[in-house]
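Take a look at this single chain in structure tokens; it is the form predicted alone.
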């Protein structure tokens, strides 16, 4: 599966907006911190990981569950591009 960075970002953005922002993407920039912005809590991180594993056919190990990998659209995209 070969997705462009733009495609990956769009899928992540759509998931975040639909599941955590209830359709309102006004405040969501690519570098907005999910945790600092109160967008995702610890349960939300697990939902995000489940989505990423299903959508992109990757396995995310427990030691990879760190903010550097999962705290913004940009972080998730960079992390996924390494995994794919």
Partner chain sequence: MTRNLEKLKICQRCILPETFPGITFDDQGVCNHCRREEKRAARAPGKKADYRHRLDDLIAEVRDQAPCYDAIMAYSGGKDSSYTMKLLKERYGLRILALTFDNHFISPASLENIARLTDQLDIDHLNFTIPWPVARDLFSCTATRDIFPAPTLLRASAICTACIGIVKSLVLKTALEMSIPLVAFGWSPGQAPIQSAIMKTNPTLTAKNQQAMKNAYPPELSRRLERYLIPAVYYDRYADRFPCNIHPLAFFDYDEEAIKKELEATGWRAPEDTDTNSSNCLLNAFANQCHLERHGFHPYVWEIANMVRQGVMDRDEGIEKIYTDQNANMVDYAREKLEL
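Residue numbers count along the first chain shown, from 1. The model shown is predicted, which means the values in this text are computed figures rather than measured ones.
Beyond the structure shown, there is the form predicted together with its partner chain, which is absent from this document and is the topic of what follows.
Q: Does residue 29 reach its partner chain in the predicted bound form, with heavy atoms at most 4.5 Å apart?
A: Looking in the predicted bound form, residue contacts with its partner chain do not include residue 29, since no heavy atom lies within 4.5 Å.
Q: Whether residue 10 contacts its partner chain in the predicted bound form should be assessed with a 4.5 Å heavy atom distance threshold; does it?
A: Answer no; every heavy atom of residue 10 is more than 4.5 Å from its partner chain in the predicted bound form.
Q: Given that its partner chain is not shown alongside this chain, does residue 58 nevertheless sit within 4.5 Å of it in the predicted bound form, heavy atom to heavy atom?
A: It does not: once its partner chain is placed as it appears in the predicted bound form, residue 58 has no heavy atom within 4.5 Å of it.
Q: For residue 73, is any heavy atom within 4.5 Å of its partner chain in the predicted bound form, or not?
A: Flag for residue 73 set to no.
Q: Quick one: name the residues from 15-39 with any non-hydrogen atom within 4.5 angstroms of its partner chain in the predicted bound form.
A: Sequence-ordered list: 18, 19, 20, 21, 22, 23, 24, 27, 33, 35, 36, 37, 38, 39.
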